[in-house]
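In structure tokens, one chain follows: the form predicted on its own.
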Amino acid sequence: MVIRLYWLASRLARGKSGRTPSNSRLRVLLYQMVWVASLAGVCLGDDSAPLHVRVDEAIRAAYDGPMAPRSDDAEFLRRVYLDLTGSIPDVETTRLFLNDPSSDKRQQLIDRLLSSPQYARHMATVFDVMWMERRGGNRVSPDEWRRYLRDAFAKNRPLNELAGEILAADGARRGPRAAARFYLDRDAETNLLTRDVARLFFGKSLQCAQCHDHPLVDAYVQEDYYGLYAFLSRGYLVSDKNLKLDVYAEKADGDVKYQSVFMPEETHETRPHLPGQAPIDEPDLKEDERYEVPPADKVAAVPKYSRRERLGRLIAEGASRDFAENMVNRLWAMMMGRGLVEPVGWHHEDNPPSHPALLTLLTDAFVASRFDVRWFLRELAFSETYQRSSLLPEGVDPQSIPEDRFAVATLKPLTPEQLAWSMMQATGIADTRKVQVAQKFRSEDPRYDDLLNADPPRQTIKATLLDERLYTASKGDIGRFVGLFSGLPGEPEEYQANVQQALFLSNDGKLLGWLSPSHQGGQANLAARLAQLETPAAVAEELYLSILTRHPDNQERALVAELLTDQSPQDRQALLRDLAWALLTSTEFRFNH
């Protein structure tokens, strides 16, 4: 019923011409009907059912066409590893999982991955890219910021609490310094901050509303732009002589006035407010009571009442439905390959969600969970929608199924970080580095190592410490991939292949070095393992399980056997390297599917 109401709202509001009239009261009324109906759970089945079951019900209810079958174990294993840890699995994990007959092995795997150090490391990367959009800057160390995010996801801090801390931070007195990177490395430029806070935290691209109401989106109005602007307009960057730090200081006064470029004779004034909400009440302090630290030359002012701190508190207290909906949509896009609202960051009534009732369900559940990201991702990963194959049944034309129906798994290009970690894992370099890291850790303090091996909680601490050291050892290699495979700083991440990437994959000495045999503490990389295998069948199996996380098919086995027949030892080694390189640079490896 909710879906039919939404269809009716869209159809009636747009009229026969298909164009949407401005300020349509009918449209607003009908969308309110959708909202009420969806809150009542009209079409979402049993409210007591697990969220992943209700997700699948909503997806099926919205589409009666053909759907892809459930993914096989190999496809699922590779996908869930990439989405929850940022890398493909190692070859032994792949063998064990594919040979495991347990009926609940997928659920057990999801839970293991969500509690792993690699999950926290990957989510720190996801939210770093989301919130910083690969900006540089030297006021807050990127490593300090990344550790701050990693620690938050390792502890499973509520996402609204984390976001609120970031939006309230000043880099000195309010919140950890790392949290202030969002502001400081944007140079505290108020219009830039307003645009990015609106888009990244509230899902609203208000850039055009800086000068006038958006000409194409009725919901994006100048009043909302300056309502957010007012939270930030008193902020300024100062190099504090006492703290010896750059700080995002804040004045205790300063009103916001604005004009539309189309009506410059009319001046408007606004107090801080969240998009679509009423202005907030603020304390009326006497002039001599306004500061904890008054402004002075090269001293960061600290007001007793901070508008920016109030913004963070509103988010942390769950006062913004827009924030919750935006984060749900971005997490859904991370797992499913596209948002329910697409593009993400463009939430408004003329760009409705593909499944309005489902977005409401997910947002309500996320809020009820107290913004528990780990639980939310677990429910999405448990769903049949997530576990659907990227291959359609034979005879079904892929072009006949709209992307936004989630009837088939979406192909997702690997992020630069996923590509780097996966190539290091596939070639065995990640495994040899893990051995190096563990040996060095042991040599530094054997008694501490023994202590950490004593019980599961301390083993978890050790695993986190070792993974952090592995990241440090691999940071330079990851940076090379980021430099080549990422987009422009300050822009949303998009996949775009280019000549430089092709040349890197073809000729880079480091990558070719990874394909040369090496050992570390008894751990052999892929090339060394392949060199020890005698039969073409064993070579094919090791290659495909290590690189593509699946068994080779009969045709692939036959091709490997044909290529290896009658090769000299020297030619055989070169051929093995070329085979591994071909799989690593294949389209199948480059995408998460």
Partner chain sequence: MKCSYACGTAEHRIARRQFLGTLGAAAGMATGGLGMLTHPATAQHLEKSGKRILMIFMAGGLSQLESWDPKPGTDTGGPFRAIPTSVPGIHISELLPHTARQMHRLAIVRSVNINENEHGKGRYIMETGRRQEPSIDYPRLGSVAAKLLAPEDSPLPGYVHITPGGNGFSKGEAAFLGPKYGAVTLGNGQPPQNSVRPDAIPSEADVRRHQLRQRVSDHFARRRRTAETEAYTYSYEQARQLMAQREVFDVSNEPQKDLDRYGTHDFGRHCLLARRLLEKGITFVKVTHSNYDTHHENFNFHLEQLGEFDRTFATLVEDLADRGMLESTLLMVISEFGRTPRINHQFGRDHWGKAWSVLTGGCGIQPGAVVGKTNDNGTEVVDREVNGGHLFHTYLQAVGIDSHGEYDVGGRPVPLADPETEPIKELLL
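Residue numbers count along the first chain shown, from 1. Only a predicted model underlies this, so the values are computations on that prediction, with no experimental measurement involved.
Although not depicted, the form predicted in complex with the partner chain is the subject of the following passage.
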Check, residue by residue, if Leu392, Leu411 and Val482 all come within 4.5 Å of the partner chain in the model of the complex, counting heavy atoms only. yes
Based on heavy atom distances of 4.5 Å or less, which listed stretch (320 to 328, 452 to 460, 184 to 192, 118 to 126) is in contact with the partner chain in the model of the complex? 184 to 192
Listed residue (Ser506, Asn138, Ser102, Ser443) with a non-hydrogen atom within 4.5 angstroms of the partner chain in the model of the complex: Ser506
Using a 4.5 Å heavy atom cut-off, which residue among Ala368, Ala296, Ala278, Leu488 comes into contact with the partner chain in the model of the complex? Leu488
Examine Glu75 and determine whether its closest non-hydrogen atom to the partner chain in the model of the complex is within 4.5 angstroms. yes
Hey, in the model of the complex, is Gln108 touching the partner chain, heavy atoms inside 4.5 Å? no
Might Leu548 be said to contact the partner chain in the model of the complex, defining contact as any heavy atom within 4.5 Å? yes
Would Glu494 count as a contact of the partner chain in the model of the complex, using a 4.5 angstroms cut-off between non-hydrogen atoms? yes
Would you give me the residues of 198 to 226 that have any heavy atom within 4.5 Å of the partner chain in the model of the complex, in order from first to last? Gln207, Cys208, His212, His214, Pro215, Leu216
